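Heads up, the chain below is alone and in the form predicted on its own; it's given as structure tokens.
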Amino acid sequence: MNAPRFQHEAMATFWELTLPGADPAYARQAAQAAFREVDRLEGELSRFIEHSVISRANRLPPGGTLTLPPDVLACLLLAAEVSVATERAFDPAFRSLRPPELPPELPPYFLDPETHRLTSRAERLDLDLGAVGKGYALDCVADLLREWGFTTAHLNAGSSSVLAFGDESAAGAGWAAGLVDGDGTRVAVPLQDASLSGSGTDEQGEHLMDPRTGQPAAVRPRAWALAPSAAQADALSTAFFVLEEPQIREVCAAYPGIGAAWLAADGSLRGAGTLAAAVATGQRTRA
């Protein structure tokens, strides 16, 4: 019997939920609740919605403050953690106009977790959570589905961000996911209670920038990140697209549970951290 599957459009991409072992009517109600949550988060996190929290933050004058709802604060705090861990290879505010006196190691805004307030340090703040917001929404949807009693699910936000928990087959192998090498060969990655995200020019065009230079990133055609949460995977895949190979390996070594894979200049697939074994020995099929 096919598992109930539901689709939705939000955040400029398609969303798909697969909910095996559930009564179809109950699964549909849960999916509708999940997609309402996605729409709510888009209304807070998108810089393209005029009255979103992020849009209002971007209109703050220097020194201006804004009280953030819990989800926006949580997403920004996670983004800040990844930015520090990758030495700004991921930076959601790199397009901001910084005052000359602001030290380069400081972000152009200040977050106070206790008061939930954001204060602009920029002459013009430009926050863009596009490289982490979808992942954060996936995590929130997964939490909601668990509250509804689901013990296994597969969640997909476009073709670049996937989160799965539980086991598709009840055989302990997790859900099927994969990487694709330069020859179009698919390398299997079992996905269980984790998220896999990809960034690259083949799907997103030549728009990915190196936040440290403000110039287009041209290190490699594609990179992936495996992480416990979709928000982490989303942000890290963007960083891994930009970072050099030794830096990628350093990040994976410093943070257990993190994996990276990337296409090298010769088209070969390379891996580090929790993705190293899959790249080295994973089952390969033609994509």
Partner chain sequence: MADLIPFTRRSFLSTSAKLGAVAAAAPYISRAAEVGAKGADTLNVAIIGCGEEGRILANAAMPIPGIRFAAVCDIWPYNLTRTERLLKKFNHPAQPFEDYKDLLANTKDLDAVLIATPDFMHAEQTVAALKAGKHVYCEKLMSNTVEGARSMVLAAREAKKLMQVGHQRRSNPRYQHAREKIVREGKLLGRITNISGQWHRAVSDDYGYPNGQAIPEAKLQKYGYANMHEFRNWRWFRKYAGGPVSDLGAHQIDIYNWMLGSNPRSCIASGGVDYYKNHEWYDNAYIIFEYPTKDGLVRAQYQVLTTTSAGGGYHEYFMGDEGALKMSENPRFTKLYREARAPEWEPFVAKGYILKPETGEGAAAPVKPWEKPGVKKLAGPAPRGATVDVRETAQLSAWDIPVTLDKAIHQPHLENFFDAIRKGTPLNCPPDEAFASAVTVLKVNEAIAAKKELTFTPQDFIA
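Small disclaimer: the values here were computed from a predicted structure and weren't measured. Residue numbers count along the first chain shown, from 1.
Keep in mind that the form predicted together with the partner chain is not shown, yet the notes after this line are about it.
- The partner chain is not drawn, but in the model of the complex it has no heavy atom within 4.5 Å of Glu123.
- In the model of the complex, at least one heavy atom of Pro113 sits within 4.5 Å of the partner chain.
- Mapping the unseen interface onto this chain, Ala12 counts among the residues with a heavy atom inside 4.5 Å of the partner chain in the model of the complex.
- Residue contact check for Gln283: none of its heavy atoms lie within 4.5 Å of the partner chain in the model of the complex.
- The three marked residues, Ser96, Gln192 and Leu269, fail to reach the partner chain in the model of the complex, with no heavy atom of any inside 4.5 Å.
- Residues of 76-97 that come within 4.5 Å of the partner chain in the model of the complex, judged by any heavy atom, are Leu77, Leu78, Ala80, Glu81, Val82, Ser83, Val84, Ala85, Glu87, Asp91, Pro92 in sequence order.
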